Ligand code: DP6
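We begin with a single chain expressed as structure tokens, specifically the form predicted alone.
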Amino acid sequence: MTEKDFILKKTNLSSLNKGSFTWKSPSNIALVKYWGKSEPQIPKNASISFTLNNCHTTTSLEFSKKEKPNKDYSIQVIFEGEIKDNFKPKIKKFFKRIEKYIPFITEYDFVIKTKNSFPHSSGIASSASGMSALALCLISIEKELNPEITQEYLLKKASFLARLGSGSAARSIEGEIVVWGEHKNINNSSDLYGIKFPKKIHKNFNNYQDTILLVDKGEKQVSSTIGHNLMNNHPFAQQRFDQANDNISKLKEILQIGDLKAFVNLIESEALTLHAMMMTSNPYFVLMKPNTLKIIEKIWEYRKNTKSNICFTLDAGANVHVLFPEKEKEKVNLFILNELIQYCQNNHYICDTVGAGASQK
């Protein structure tokens, strides 16, 4: 599908004066990372992610027809029970990007009520779950105005719109494994939206576990937007894009044959490469904390001593995602409790697993 396929045809707005929709949309954790993009939110390399289950955003979108039509965006944002005017600029920027595709957004007053099941802006991709939930609510209005659109189209357009709010949000619509970015070895992959991994996944990856260790629950030191822009003049950018696309091809095979040792090696390499790119940009950033490194060293030590298939990955922050097969859940959970949570802020962590994607409430 092309960009033109997502432009909304004329609809009868008089048929819908007010209403509300609610969606719960998950976060996701990239296995092969994307770092670097061009406008409008086009990734420099393909990425692939696990969709999470317990880390999610629930968003209700209330809408009513404007009394006096105008071209301004009428938005009120309530985050976890509090009015958040500082969220408006990002959402208005999002609305400006998507107006071409759903022009009815200028016709309504919107109240966005949203909440997370995890700390906001702490490196657990709250923008991914938040923007995807909002996109799904908006697409639900389109579906109401045009009941003929299919569920397949609805999900693709939701991913397409979500991407324009936050790139990684393109991967939060569906599950369990999602590819975003055009890749020669992934059929039907696209820079415009995410797709479900198109091959049968080996049973070793069923119900894969992700325990998120909250090393630092505060605001990130650098926004993802700034971080991505630093790739524009990065001396190692092209090598990184090539590496990521090669790793997509490798991971495609790993997921099908169930090679857990190869999975561990590739996933940890990807995590450290992401942070290496930030440490070698100009300006440069070190987003890992001392406790991040202590956790990594403990994981390496445990894996060496037990032959476990535990591994870690990182987003653009200090928190650690501990990944492991479901069959190791009991032993690894004990290890986390005994050895790792001491390095978390206030001993806080989240037990998660691979999930099926967003759901309407």
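These numbers were taken from a predicted model, which means no experiment stands behind them. Throughout, we count residues from 1 along the sequence that is shown.
Only in words, not in the display: the form predicted together with this ligand, which the text now covers.
Interface membership of Ala30, defined by any non-hydrogen atom within 4.5 Å of this ligand in the predicted complex, is confirmed. Using a 4.5 angstroms limit between non-hydrogen atoms, Val322 is distant from this ligand in the predicted complex. Within this chain, Lys37 lines the site of this ligand in the predicted complex, having a heavy atom no more than 4.5 Å away. Within 4.5 Å of some heavy atom of this ligand in the predicted complex lies at least one heavy atom of Ser168. Only one of the listed residues (Asn247, Ser189, Ser127, Thr211) places a non-hydrogen atom within 4.5 angstroms of this ligand in the predicted complex, and that residue is Ser127. For the residues Lys252, Lys113, Lys88, His228, the 4.5 Å heavy atom test against this ligand in the predicted complex is passed only by His228. Shown alone, this chain has one stretch from 159 to 167, 252 to 260, 100 to 108, 139 to 147 that lies within 4.5 Å of this ligand in the predicted complex by heavy atoms: 159 to 167. Residues of 314 to 329 lying near this ligand in the predicted complex, listed in sequence order, are Asp315, Ala316, the criterion being any heavy atom within 4.5 Å.
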